[in-house]
Structure formats: C-alpha cells, structure tokens
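Have a look below at one chain only, the form predicted on its own, in structure tokens format.
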C-alpha cells in the first residue's frame, strides 16, 4: 500500500528582482509513490532538486518556493489527504511532528544555540501532547535510552556536543512522537565515516522499532545501498530512473545513473574513476529535450529535441531515456560499443 503518492509535482522558486521575474524549476513534473514501511531513497548531484522536493512533500513551502502544480497525497490508516489542500499553516504544523517528521540537513541549524537541548524537546512534545512534567521526562528518558543516549544530554547546549552527538539528538527529536513517515535530508553530511556508520545504524534501529516509513535524501550512494529498499535518481529537477536498490545498482539503465555508480571508489581498484563530464544545467533555463543530453555520450538529435517520458521497464524499474525504448537501435548500438 502506498502511504505517499506524488503526482506531477512542480515546485519552483519565483523571485522578483529590480522588476524582473526569475523562475528556478527546482522540481519539474515529478511523480512517484512510497510504500508503507519501506525506505525510499532520493539521489543525485547537489542542486538537482532533492531538498526542494523534500520541503514540498513535507509541507515546508515558504516564498520564494511555490507549488505550481501536482498533488501530494498521504494515505494514512485513518485518514487520506492532499497536503496542498491544507491552506492553514496550523493544520500543516499539526501534521508535522505527529504524523510526518523531518530530519533536516545540518544539526546546528536545527538546535537553538542559546537554549538547552531540553527546551527543544519541550517545544515539540508540548505542541502535540498534553502531558505533565513527569510524563514528559518519562517519555523522553525512554526514547533516549532506546537510542543509546543519556538523559544528561538534555542539560547541555548544542555547542557542547560533538557533530555526531548533535545529529543523534536531532534524530531523537524528530522521532520522539513516533511519526508514520520520516523525511531525512542528508543525515550523514559533514560527518566522518565512523560517525556516519553510527548514524546509519541509529536510523535503521528507529525504523525497525517504530515500523515507520523513511524517505532518505542524500548524494552518498553508499548510504543508499546500505539503507534503502528503492531508489529514485534525480537530475535537473526530474526523476530519470527509479528501481529497487539491487537491480538499480546491479544494472543501471540511465547513462547518468551509470556514471554516478562508476564514479564510486572500489576497494583494491586504483584506476581513475569516470564521472559525468561538465556540470548540471541551470534550472532557471534548462536545456530542451532530455536535460542530460549536453553531458551524455550517447545523445542524438532526438535527445536534444524531445523529452523522454519516465517509462515502466518492469514491475520495479522506471527510466526516462530513449536508450531503453524499443526500436532505438542506433542509441543501443552506440552504448554497447562504448561499454
């Protein structure tokens, strides 16, 4: 059962500067669904629209970000709703925290530097639950203990904690109300590999204990390989490939996905890694046709003129590339020769 359905979502940054309008098409016609109790990953280079997509589907839409089209439907057990129909910010705030929760990027930007950690937990819990001081302490102590954290952390300021500890506190804060869906935006960014491992294990532990759904955004493909059930690859505001992690990593169908995976280091392999040439296009003026064609070694005239649809290859795999269309023998032959 799909707990979240996103249909043709368009989320643009619209600004007015010196009388001139500028539109950045950060999320442009994205459609996908997330099943209940799965871990769904969203990958891609910096600036491809991953974080904007997360903001849109979690209801954190503030100017200059605007939703210009599409639907975002949540299918909870006792309620079905389109979050875009919730015009009142109070309604969206009640939804966030209790039913959906966001682990934002950068723990220091989440925790107030001049308030103790306990105050942050009080803000979240008292906004959604009517509990006494004793019930509050019992709830938080049990949650921290389950996550391997000590109650003493509640009396500290954020700057007194290490980066890894702050990230664990942020995760604990985001999951204290046992939300049904957790959005995690780059939860391992700026952490060393040992701390990253601890954070990944913590996320997996919460997922197993609370039986919730996790949507994970990160450019780190190794984190996706470790955690995710299914993965969507974004490029220039669009999803170009989606599939279960095993088949996508084992047999990528889009040239961009292949280049992302080819750029990953491998133990014992000292050869130079190959990545996509050039840089992603400006989302204020994306190229016509397939947005990856300026960097794609297999591009032909059709790629420059037509936009490939996100086609279903099988039950679990979708791709937006003319390479995979029946009859595209010229492209397929070129790809085979390159490989």
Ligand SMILES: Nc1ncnc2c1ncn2[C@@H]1O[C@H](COP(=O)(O)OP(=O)(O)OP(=O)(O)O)[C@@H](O)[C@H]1O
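Nothing here was measured: the structure is a model prediction, and the numbers come from that model. Numbering follows the first chain given and starts at 1.
Missing here is the form predicted together with the ligand; even so, the following discussion is about that form.
J.: To test your reading of this chain, name the stretch in 310-318, 30-38, 66-74, 43-51 whose heavy atoms come within 4.5 Å of the ligand in the model of the complex.
T.: Every other range fails; the passing one is 43-51.
J.: Please identify the residue among 105, 196, 258, 174 with any heavy atom within 4.5 Å of the ligand in the model of the complex.
T.: None of the others qualify; the residue that does is 105.
J.: Within a 4.5 Å heavy atom cut-off, is residue 186 in contact with the ligand in the model of the complex?
T.: Yes, residue 186 is a contact residue.
J.: Spell out, yes or no, whether the shortest heavy atom distance between residue 24 and the ligand in the model of the complex is within 4.5 Å.
T.: Judged by the heavy-atom cut-off of 4.5 Å, residue 24 is in contact with the ligand in the model of the complex.
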